[in-house]
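To begin, one chain is listed below as structure tokens, in the form predicted alone.
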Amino acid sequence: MVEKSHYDLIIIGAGPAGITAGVYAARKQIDTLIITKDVGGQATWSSGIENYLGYVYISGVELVRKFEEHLRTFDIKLDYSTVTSLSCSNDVFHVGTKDGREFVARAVIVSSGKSPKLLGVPGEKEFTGKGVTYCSTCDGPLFAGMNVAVVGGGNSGLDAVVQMMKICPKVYLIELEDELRADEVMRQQARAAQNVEILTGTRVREILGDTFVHSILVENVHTGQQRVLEVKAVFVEVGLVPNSEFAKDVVRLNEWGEIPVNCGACTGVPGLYAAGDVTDVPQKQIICAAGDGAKAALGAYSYLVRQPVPTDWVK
């Protein structure tokens, strides 16, 4: 654990936005702490990335590894914890963690990303980690050779389908809407696969199993007809929720729980910046998050050099 409690800058989260902010903060020699529950965030979920400059193709895990290697070339401190509170008084921010500790900073960058939405159906909680998963990249190889279901017809859902259809005899794609929402190139791949069955206008009613998942009950939303699909895994890809609850007392959140920012990653609260998927920036892409992290760190630097240091500041 980190013993020091006062920092010029605290970065919350270490996905692409937070890591990039950390690198830029280190280059500006800002006394910085990164508080995060993991390194990489959602980027580690991608099996293949083809749109990050400098790499024609790279896995999410490998890209994050390179990010982390770059970050660790600098003397920057990481504390592995979950932030549960953020407050501000007299131009100083107080950051509380799940284990009861408190850190203090003159500036803060929120880059805490998003977490998966839940289906909210019977069996989901009981079988999480026993066939119900929210990361096909992490857990997909465990179900090679088995029938699986993917819930969600957006890009993350189709990404899971493309991964699993290469190693599974049967993949069911379940989407509540009548049309898939993913990019056309991904939809074409799924439709062309002989082992993928696409069920649109369909909802999951229940996840069934004993020790582990053995099937799911689905229902057509138009006809009410129900069907049991025999699967060993359910990959839930129905969207993400911003990890912003801890910041709601300091900054206004929009209707989706995102933190509104301007083009410089400023939140409107002096000294508070935000970057990546936790913000209202519409492009939820790794390269965009990294760019926003750089802007946030540079903004924080400009703020700090112009802001008087409190007379009672502890170094």
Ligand SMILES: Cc1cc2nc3c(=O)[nH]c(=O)nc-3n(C[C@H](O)[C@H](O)[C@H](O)COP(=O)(O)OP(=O)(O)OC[C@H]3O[C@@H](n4cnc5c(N)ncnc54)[C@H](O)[C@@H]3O)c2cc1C
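Being a predicted model, the structure only gives us computed values, none of them experimental. In this text, rigid core is short for the largest set of C-alphas that superpose within 1.5 Å between two forms. We number the residues from 1 along the sequence you see.
What comes next is about the form predicted in complex with the named molecule, which does not appear here.
*Asks:* Decide if the three candidate residues K37, Q42 and D277 all line the named molecule in the model of the complex, where lining means a heavy atom within 4.5 Å.
*Replies:* Every listed residue reaches the named molecule in the model of the complex, so yes.
*Asks:* Pick the stretch from 24-32, 277-285, 263-271, 250-258 whose residues have a heavy atom within 4.5 Å of the named molecule in the model of the complex.
*Replies:* That would be stretch 277-285.
*Asks:* Look up in the model of the complex whether N243 has a non-hydrogen atom within 4.5 angstroms of the named molecule, and give yes or no.
*Replies:* Looking in the model of the complex, residue contacts with the named molecule include N243, since a heavy atom lies within 4.5 Å.
*Asks:* Any of the heavy atoms of V61 lying within 4.5 Å of the named molecule in the model of the complex?
*Replies:* Contact with the named molecule, no.
*Asks:* Is there a heavy atom of A297 lying 4.5 Å or less from a heavy atom of the named molecule in the model of the complex?
*Replies:* No, A297 stays farther than 4.5 Å from the named molecule in the model of the complex.
*Asks:* Since only the chain is shown here, I'm wondering whether N147 would be in contact with the named molecule in the model of the complex (any heavy atom pair within 4.5 Å).
*Replies:* Taking the distances in the model of the complex, the answer for N147 is no, it never comes within 4.5 Å of the named molecule.
*Asks:* Heavy atom within 4.5 Å of the named molecule in the model of the complex: which of R187, K170, K114, K232?
*Replies:* Checking each option against the named molecule in the model of the complex, the one that comes within 4.5 Å is K114.
*Asks:* Using a 4.5 Å cut-off on heavy atoms, what residues in 169-193 are near the named molecule in the model of the complex?
*Replies:* Residues within 4.5 Å: none.
*Asks:* When you overlay the rigid core, is the Cα of T82 off by 2 Å or more between this form and the one not shown?
*Replies:* It does not reach a 2 Å shift.
*Asks:* Could you check, with the core superposed, whether the Cα atom of C135 shifts 2 Å or more between this form and the one not shown?
*Replies:* False for C135: its C-alpha shift is below 2 Å.
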